[in-house]
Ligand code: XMP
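Presented as structure tokens, the chain that follows is alone, the form predicted on its own.
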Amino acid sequence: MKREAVLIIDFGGQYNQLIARRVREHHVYCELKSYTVTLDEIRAFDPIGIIFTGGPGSVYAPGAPQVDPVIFDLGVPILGICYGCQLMAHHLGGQVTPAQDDAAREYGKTHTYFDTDCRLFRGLPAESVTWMSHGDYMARVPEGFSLAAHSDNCPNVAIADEARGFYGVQYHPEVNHTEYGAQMLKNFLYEVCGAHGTWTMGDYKKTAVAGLREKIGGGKVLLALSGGVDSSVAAALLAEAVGSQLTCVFVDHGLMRKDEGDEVEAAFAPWPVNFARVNAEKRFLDKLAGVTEPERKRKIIGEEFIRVFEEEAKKIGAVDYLVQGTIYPDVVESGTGDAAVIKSHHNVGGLPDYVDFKEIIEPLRLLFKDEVRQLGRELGLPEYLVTRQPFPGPGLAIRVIGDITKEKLDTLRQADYIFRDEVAKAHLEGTMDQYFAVLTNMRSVGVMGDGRTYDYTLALRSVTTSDFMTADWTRIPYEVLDAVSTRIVNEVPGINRIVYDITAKPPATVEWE
């Protein structure tokens, strides 16, 4: 059977990767590529369907992202979302203009009415809520298109040319706020593109292993192992692909959680791979001394990681490749194409300009966190490693706000341990996807033992999420928060106030820095 793949063309919206995630949830492989992708590259990809994403631009503005109009002659079904819908209309003879009044602009939840005879909406309710975010308006719909959905303010919420398989929606079906958005995308994949849903993580594993063997050949490989889910899965994947050609290097930079360095070493001791632990606490803390700006922290840590790996590679001799456990959210948040940089991940935007390796390999670069976990199961990793909550590569450096000292790190380590310990005692681990403590640089007055204190404020953070691209704060029971607070202020010197972060992502990120 022909490989089924959908091409998602990115026009610069920050959360366009959610579309890719939704497509894969329906067992259809897809890749997201910049709008600069060429027609030859599109033909080589041989997609069964194409999705145009949203974006911040206006299609009529000078310099706005565009596509080669020949793409509409390839005979491939196309779904345009928000900017992508307007782009399709713009190229096919319609007219897109700025909305002339507030009624034509739509933002947020909008009651929408659908033509359920349209294949995109077949089998779905005739009325539901969609999530709008557009300030432009299709003043004229292209010839051959019919109106497939409308709202009280907008007559052309969705357009369709069923004969050519072209569809456009002004709203965002990829977000959870659109009630039947996932089913609409499924209809596009199955009803319009003819997908069979044959893609699985088992298939990805086979393809990835074969591709790594072909690329690496007889070369030596160095893998940056943090002990987290991503690098552990990458290690297992490379171990299956190239075996003894792989050396895993764990850099203990002094920014780990309590006892974590020893736990990582113990966890990988039984593995049939070369393992090296580098104790580099002083080296990293010296580099970070006096640095308060979070992007500088990340870049310093990213460069120092690479320099340590280069030194270890020389000890091993003639290492060709460096492997990292970069996953897709890391790439997106570090900025791709026209998308904004939210924060540079130390293994993406934090890398130095020069790296002394033949190539950096990132075998998980196109996978979301839940897909990485499933791949780990396919590779036979133990469940405790697969389900471990994420821990950022820069470690506690981005959980100590302001300047970093060993004393602050030790304080945070103990407070974070207490938080995780109380969560475990309450058997709440399965109700939250990432939880941790942050040592702020804010100090406040307190009273302890009838005496005045002037100590640090500690923030607690916990989120629930399916993909780490959006997240909600966890509703931890008050009695658990009370136990955590009481223990920390009594057991950890230097902290006299505890606060709990109740901000979702967006507008916040999961980590504070």
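As the structure is a computational prediction, the values presented were derived from the model and not from experiment. Counting begins at 1, following the sequence as shown.
From this point on, the text means the form predicted together with xanthosine-5'-monophosphate, which you will not see here.
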Heavy atom within 4.5 Å of xanthosine-5'-monophosphate in the predicted bound form - residue from Tyr456, Tyr35, Phe468, Tyr29:
Phe468
Exactly one of Pro394, Pro173, Gly325, Gly168 comes within 4.5 Å of xanthosine-5'-monophosphate in the predicted bound form through a heavy atom, and that residue is Pro394
Thinking of xanthosine-5'-monophosphate in the predicted bound form, which stretch from 158 to 166, 384 to 392, 281 to 289, 77 to 85 has heavy atoms inside 4.5 Å of it?
384 to 392
Looking at the partner-bound form in the predicted bound form, is His253 within 4.5 Å of xanthosine-5'-monophosphate by any heavy atom?
no
Test of understanding: in the predicted bound form, would Gln434 fall inside 4.5 Å of xanthosine-5'-monophosphate by heavy atoms?
yes
Answer yes if any heavy atom of Ile8 is within 4.5 Å of a heavy atom of xanthosine-5'-monophosphate in the predicted bound form; otherwise answer no.
no
Heavy atom within 4.5 Å of xanthosine-5'-monophosphate in the predicted bound form: which residues of 477 to 513 qualify?
Lys505, Thr509, Val510, Glu511
